[in-house]
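Here we start with a single chain on its own, the form predicted alone, put down as structure tokens.
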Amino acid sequence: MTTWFGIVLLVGLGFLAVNATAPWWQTASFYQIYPRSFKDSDGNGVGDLNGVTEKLEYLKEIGVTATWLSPFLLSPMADFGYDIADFKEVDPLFGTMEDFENMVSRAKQLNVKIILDFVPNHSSDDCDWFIRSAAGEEKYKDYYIWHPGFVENGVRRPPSNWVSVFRGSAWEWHEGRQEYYLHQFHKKQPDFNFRNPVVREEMNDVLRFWLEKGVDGFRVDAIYHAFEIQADGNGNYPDEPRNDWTNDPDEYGYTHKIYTVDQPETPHLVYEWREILDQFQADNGGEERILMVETWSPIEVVMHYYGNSTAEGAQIPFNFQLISNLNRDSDAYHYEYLINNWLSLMPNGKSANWVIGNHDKNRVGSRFGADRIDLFNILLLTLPGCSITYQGEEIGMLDGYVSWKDTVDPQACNGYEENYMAMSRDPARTPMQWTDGNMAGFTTGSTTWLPIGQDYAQRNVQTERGAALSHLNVFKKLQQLRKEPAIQQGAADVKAVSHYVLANKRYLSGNYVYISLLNIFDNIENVNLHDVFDGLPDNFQYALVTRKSIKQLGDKVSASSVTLMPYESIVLRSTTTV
């Protein structure tokens, strides 16, 4: 029995104990919607809230528990909604507040929960708060991070060498106020000053507003940027040390980020927001409201967002280990390590989550190869805890081609045509492919805000519904399997069988044993499961197969000899309970 097995067994038993009265989110299937690209209801080529409402029944069809919607609030769209001008107003591009309320009402009828994207790090420079801050109004003057900069030899320079995620200095000169303001992203996204208690209460009030509107929680954007190092006694900020990754001072990687991310105060901000959600539940009843937090931080830092001995934190600090650390050449031992490392470091009594795609990363099939699309869906949906799926991954969408002329992502546009594809997030944001008809069924209009993927005739919901072993139908079958007690409540044991094959055993006393087998590479592999796991029954049957399989659902197989075709991933179920 390996050390990892002992660790995972304890984690699994802890997970089981918590699950006796499990909150809804703990084993939920979350689905991210990027509204601009999901469904256009009015023919203008941009997805909207009524389009989401129209497709809520699809979410029920594919077994989704809750959907997280990327921002749809009032915005000049410099960063496509992540630059918010009014945190309590729907942008007309997406509809009206009434449309939002209708969407929430319909979602509640279908028992699909709504998670809102909360963007606390910054606002738009069109936000009234920023306009008043720039004008020096007393209440608002310290809502943002301001500094006069320095003048040397008659030349004005920024307060420090801090670099924006979107290239160039993170400081922008404001002619009206005659000072620089900090923006860790686009220059039209000034950073809030969270050391100002008035700002904190302002954002707390935003949470309360949307809770009253009926949302079930929030995905917190870019939380690790919320605080910067505190200014010294003279109000100045230190330079960050150089990295040797690049000699381009405009590249984000030019400096080592020790002052602008992962400051020690940041998790405590999340703890405060958790108190607001818990208080709202106490006052209003209903099921638990949740926080999902985005932090691309070292795993030891991420764990702090779960909470500490005196405060509860986020229920779901996003687990980006698979996104950040896997590549096409990663072998099964690498997968095993990343999965078990999270489970072993996770605080006692907390629940795991698994993410492999989102609107900021290339599509799974484009990153890892189209042959592995089912593999990753099987992995995410059979591991213990909850899963987060980005729209279109259930049908195996690939990155769309977006020419330099059509590119709109500021992360790419602020760079150079020569390498724009390496920086652009647009290819993963092309419109959802619903049918093989005109504009992939996304819009009745003649244009779309980003081009439709070139393979939409083959990869779309309509076509895949009718193909027995399509990505969509494999995904739906997985969602059915997730309801099985051993997968819903049981312990997990994740092991690399070899460099090529990963095995995930889910088990619960008195129930069937389920084993997922993932053949990561293009070899034919044979596995003796008795060499991998102790105490297994001798006989299994195929509970899930894919197009890579030569077996059919229900076929029997001996645990001592399971053959996997190249890139084949399967789920086996014991023929007897244990």
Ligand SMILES: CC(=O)N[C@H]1CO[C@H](CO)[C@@H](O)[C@@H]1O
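As the structure is a prediction and not an experimental result, all values here were calculated from the model. Residue numbers here begin at 1 and follow the sequence given.
The next section is about a form of this same protein that is not shown, the form predicted together with the ligand.
Only one of 77-85, 481-489, 414-422, 459-467 lies within 4.5 Å of the ligand in the predicted complex by heavy atoms, and it is 77-85. The listed set 436, 371, 360, 142 contains one residue whose heavy atoms approach the ligand in the predicted complex to within 4.5 Å, identified as 360. Of the residues given (166, 100, 305, 218), 166 alone sits with a heavy atom within 4.5 Å of the ligand in the predicted complex.
Under a 4.5 angstroms non-hydrogen atom cutoff, the ligand in the predicted complex has residue 294 among its neighbouring residues. The ligand in the predicted complex is approached by residue 185, whose closest heavy atom lies within 4.5 angstroms of it. Mapping the unseen interface onto this chain, residue 222 counts among the residues with a heavy atom inside 4.5 Å of the ligand in the predicted complex.
The shortest heavy atom separation between residue 119 and the ligand in the predicted complex is within 4.5 Å.
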